[in-house]
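Only one chain is included here, represented as structure tokens and corresponding to the form predicted alone.
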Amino acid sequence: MKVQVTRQAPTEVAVDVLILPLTEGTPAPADVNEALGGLCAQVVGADFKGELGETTLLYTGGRLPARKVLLLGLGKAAKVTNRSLRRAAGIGARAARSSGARSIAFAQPRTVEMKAATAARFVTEGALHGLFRLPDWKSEKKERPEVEVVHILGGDEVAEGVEHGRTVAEGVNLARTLAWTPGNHMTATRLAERAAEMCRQNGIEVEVYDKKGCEELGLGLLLAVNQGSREEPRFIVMRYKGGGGKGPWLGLVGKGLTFDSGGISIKPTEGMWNMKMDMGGAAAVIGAMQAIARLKLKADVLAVIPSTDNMPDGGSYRPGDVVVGLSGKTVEIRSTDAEGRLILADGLAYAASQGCQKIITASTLTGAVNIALGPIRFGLVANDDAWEEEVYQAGEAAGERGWKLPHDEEYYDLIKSPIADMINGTKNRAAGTVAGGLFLMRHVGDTPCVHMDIAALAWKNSGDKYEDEGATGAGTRTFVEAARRFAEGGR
């Protein structure tokens, strides 16, 4: 799909659908309304209110080069945010596609307190997110209408924003594809191949460690989780040297659990199919690294993905076992279904050992985060207040919303073990997301680290006007924005 900046006015652009983003109580552009003989004025305020995501399609009857005009509601002007603008743009693009459009154009939103480049960025992101179709494996393929080109109306003032939005959206959609792919098609080996392929295409150095390599590195926690699997683990290390390769380094770590049965602590059958997307954190890292490289950010970024599946078998690790990770810390296994924090801990310990100045990690870590925050915000758990605030602000700027959870020293009591340095579960159900995040902090030493628990946001169980059912790419945008700020001196 092509995305391009087009300098023509709304009354000049020849497309299937011209999209006019309008806030509540705002009339359509006077030139468009005049060309249509006052039709917009008749509709706006009557059939069309401008509420967020509201759409009304008008036929131009040859009075404009555009065949149709789509009025797109942005909601109240004072409440328009980068996130709501992105969502509205996705809804508008999908509505245009449903009408059979192959080419669409977005006019610049008016009465919105946002720089033109910023608005263009989030309109572009939203359009490409909404129009993206997740892959399927159906034997019979039905032809469906597809938008081939998206025009963003404007000039030099919007070009940078459009390019940024397109690059980030492509990274998010890559993450969505990887996470949505069935577990038998996305083993740890295949995930490593996809990561390496992306790296080769974008000038990123990559190393992939097989099982023997993991043993040589001392990744005891990753190997423990892998014990019950017929698939070998992979440990993926990507190095983007946008700052010259001499540091300081930002570390990104993602959980690459390609399927989670729960192991010996097996999950209920209902909903287990969703566990193919338990590698949403790893997918976000891969998508973010693609975007970081294509944006040519002047930062050195080390990305780490520990990957395996978690299966029950006679050789599986068991509740009650004690295993030791790369950090040297020992862990008493209380639940084999708390495996994500185990493999992440080895990834984090590796990133810290490589000299990363700051680290961000993302994973579908706990069901508890959905109870705490619902499918609205991801949870943030950290060992450093200042770095946590930076990552939180990066998420806000990227149009992803997190929420800072506490990390008081007393919470570490929840993961104390009588026979090892810590347990991998909790002694009861209290503060499950905090306990899981603080478990990770025990493996990075003094390195500032923030964990994003995206478990409630990484997939949607049903589609809506904005996006289809499936993986969402949550966390990708925050990774990219945090790296951008790191490159610009937020170190």
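Residue indices: 1-based, along the sequence shown. Every value quoted in this text rests on a predicted model; they were computed, and no experiment measured them.
Another form exists, predicted together with a small molecule; not displayed. Remarks below refer to it.
None of D309, E339, D346, E125 but one reaches within 4.5 angstroms of the small molecule in the model of the complex through a heavy atom, and that residue is E339. The partner is absent here; in the model of the complex, the one residue of N173, T366, T187, Q227 having a heavy atom within 4.5 Å of the small molecule is T366. Contact with the small molecule in the model of the complex, defined as any heavy atom within 4.5 Å, is confined among 239-247, 367-375, 298-306, 187-195 to 367-375. The candidate spot formed by K358, E388 and A394 lies out of contact with the small molecule in the model of the complex, as no residue has a heavy atom within 4.5 Å of it.
Contact check for K404: no non-hydrogen atom falls within 4.5 Å of the small molecule in the model of the complex. With a 4.5 Å cutoff on heavy atoms, G425 counts as touching the small molecule in the model of the complex. Within this chain, S335 lines the site of the small molecule in the model of the complex, having a heavy atom no more than 4.5 Å away.
By the criterion of a heavy atom within 4.5 Å, K267 is counted among the residues contacting the small molecule in the model of the complex.
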